[in-house]
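Shown below, as structure tokens, is a lone chain in the form predicted alone; questions about how it binds or moves come after it.
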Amino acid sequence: MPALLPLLLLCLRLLRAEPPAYPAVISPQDPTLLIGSSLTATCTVSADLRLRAQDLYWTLNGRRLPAASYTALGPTTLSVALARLNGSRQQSGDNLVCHSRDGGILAGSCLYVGLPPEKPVNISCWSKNMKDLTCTWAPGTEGETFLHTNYTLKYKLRWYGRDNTCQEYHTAGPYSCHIPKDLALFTPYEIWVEASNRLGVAVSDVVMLDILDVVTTDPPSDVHVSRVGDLEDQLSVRWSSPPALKDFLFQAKYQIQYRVEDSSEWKVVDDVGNQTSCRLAGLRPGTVYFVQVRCNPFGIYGSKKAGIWSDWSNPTAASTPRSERTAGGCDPKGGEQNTTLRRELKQFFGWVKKHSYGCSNLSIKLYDQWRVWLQKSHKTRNQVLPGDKL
């Protein structure tokens, strides 16, 4: 035992030589405050450091705070007063640090300054082919709380289910969650969102929905766009119904949008109905068009809801035939009578063209006959017969 005494004394000396584990303490530590609050924080230095209050200073997010806001509360304690605090610059908290005169860091504290969460609003859900459910929401009227806020989507069967919590977040944006499977049909769900942060909890209104009422599907497949013979102002569009819903009892309606190659403005055709083909009329001759189609499945198993539109199909391109009418072509001599006839025909053509816009079937047969006749007429007129002088 006497032989161990010198070793114990050496260990004690080494421990005394080490700096203290906590050179200073800030109080309060990591407080949470409302925007506009005031705070007085203190930094108390360990006596082993032989530092006094006048040897200390404060920084907030790396910026030195003015000495006028300091108060020495004792030989080794310095306070700082912060008034009308703004929201935290980062959700992980603002850094309040106590320093020694030479810039060394003695202690730190995180200030969480913000607002309690607001009630989430605008919950919207859709089911892709009745196999899953995706919901989105908005964080509230103000939105920004300046604090890390957790959102939890919960759901249950309306009459007898237990609460379930969605697990796959941020799948369709920052405020969204995806439920991939195990959903019941023909039974309504209750769905709500809970928001929580360091300052409180807020719960949205409960939304009730039936999966069959919020079904969307894949865009129509096999979209083909082709010319309609030699008609220079028409294109034919054909597509297939979404294959994922082929085994379900439902109706469908379709929309088409199209644009010319050098434009970003789409024109939408709403009157397609449930047919899987459409003829676009009133187009520009010799022009490339991009066409897209989308589907709205509705009435699945008798649902009365309107359904949700799918995404647009990938653009499909086709061009209308070029006009064979050439500037400066030869016109037969016909005098005023021919001029009047051409004017009347032009007016009639404008009327038919106007009423054949989009996918309307009104006078489409008459329009086709008119266009074929007109093009043949121009071909005949523009031919140079043998013996004509150039």
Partner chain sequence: CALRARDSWGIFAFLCAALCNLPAVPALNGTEELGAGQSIQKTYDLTRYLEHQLRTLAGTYLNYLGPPFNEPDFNPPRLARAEQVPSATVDLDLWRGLTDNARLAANYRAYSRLLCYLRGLDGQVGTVELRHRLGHFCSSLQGLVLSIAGVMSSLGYPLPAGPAGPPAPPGAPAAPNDFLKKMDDFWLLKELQTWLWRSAKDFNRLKKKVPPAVVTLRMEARGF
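Positions refer to the first chain, counted from 1. Computed from a predicted structure; not experimentally measured.
Just so it is clear, the following notes concern the form predicted in complex with its partner chain, a form of the same protein that is not shown.
Shown here without its partner, the chain carries 29, 108 and 198, all of which come within 4.5 Å of its partner chain in the predicted complex through at least one heavy atom. Remark: of stretches 238-246, 121-129, 99-107, 219-227, the one touching its partner chain in the predicted complex is 99-107 (heavy atom within 4.5 Å). Proximity to its partner chain in the predicted complex, defined as a heavy atom within 4.5 Å, holds among 165, 251, 90, 275 only for 90. Note on the partner interface in the predicted complex: the residue among 312, 258, 112, 298 having a heavy atom within 4.5 angstroms of its partner chain is 112. Although the partner is absent from this view, residue 150 contacts its partner chain in the predicted complex, with a non-hydrogen atom inside 4.5 angstroms. For residue 62, a non-hydrogen atom is located within 4.5 Å of its partner chain in the predicted complex, even though that partner is not displayed. Although the partner is absent from this view, residue 305 stays clear of its partner chain in the predicted complex, with no non-hydrogen atom inside 4.5 angstroms. Its partner chain is not shown here, and in the predicted complex it never comes within 4.5 Å of any heavy atom of residue 319.
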